[in-house]
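There is one chain below, alone, in structure tokens, taken in the form predicted on its own.
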């Protein structure tokens, strides 16, 4: 009988079970959960490693053949930017678990650059392929949003991961091009494995019913934002656009911590622009509740200054809602301008307001773009994403591995 493939998945700075929209949790968490679920369903044995965040953390089974393992490394409240000194401890914790639970793994799949640095060391330990997904690239992010400079140690860490990984995951061709141009990645080692959407869960729903279930007014027009409430996401641009539109239009902001600093900052901006009464800060909600919010909306807005992909746009389209998004990063691979939504210049409240006003004023156009959106994402399946990763991993398993010289030695300042 053939021995099942064993893969170690690293998501060290954020637990895959964390609710997207809070702290560091976002689309990457969904990506990890969905791909490992599919891999396990295909007979792969998957152990997902994350850092312990408190005494209550327990190892749990995410499904048959898929287990979530917490590794002690540093104080529970350590921020991701302060994890560098604990990376070797994390690597050793994974090694110790492996030694007591079946031995070495056939492959390492890391997510984000911090996990990638640990994955590089484990690759040497087990002499197995390392597949690294960096997700958001610091240089591309800083270029699109200069207010958030690229930390030198992160850039150097990303370069180390790009150089040492056997395979690099890219969400889109844009991601691939950035890896090649900014990080001198070998194009032959890049695998385009885009995020997908569960169309069984994210599907068109009756708008009035969704609004009733959420306690929203059945009448009126609602814009929807979903995501982390950080400056990079451009919520300030959405609020400014709202101030240029019909005051009867309202906006739901789903994400962030209710009463937290980010929400208070948004409230201040909304009051300054005179739209406070039009804005509802919902906070984060469980991922399985999001279809109700997409269903309740008229248009989903993704005004980010940069997105490596933009899973929110994908989910909204699957729910039959047109998307107005910034023309940046991977969003151009999801939103087809004039077909399933509109693309606008990042940071331009005027362009955003104009596109939204056009959509809200034409129900037939909204319905047409919404229907086209459903069709545009039908082929984007998590099964395909997971199969792409597994296939390339299998092709790489027999390759000779290059030695690594202290991949964890990145600057601390």
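The structure presented is a predicted model; accordingly, all values stated were derived computationally and were not measured. Positions refer to the first chain, counted from 1.
In what follows, reference is made to the form predicted together with a small molecule, a form of this protein that is not presented.
This chain appears without its partner; in the predicted complex, the one residue of 113, 342, 294, 105 with a heavy atom within 4.5 Å of the small molecule is 294. For the options 157, 234, 329, 227, the residue carrying a heavy atom within 4.5 angstroms of the small molecule in the predicted complex is 227.
Although the partner is absent from this view, residue 118 stays clear of the small molecule in the predicted complex, with no non-hydrogen atom inside 4.5 angstroms.
Using a 4.5 angstroms limit between non-hydrogen atoms, residue 175 is distant from the small molecule in the predicted complex. By the criterion of a heavy atom within 4.5 Å, residue 27 is counted among the residues contacting the small molecule in the predicted complex. In the predicted complex, the small molecule sits within 4.5 Å of a heavy atom of residue 254. Note on the interface: of 211-219, 263-271, 74-82, 304-312, the segment with non-hydrogen atoms within 4.5 angstroms of the small molecule in the predicted complex is 304-312. Proximity of 20, 285 and 290 to the small molecule in the predicted complex is complete: all three residues have a non-hydrogen atom within 4.5 angstroms.
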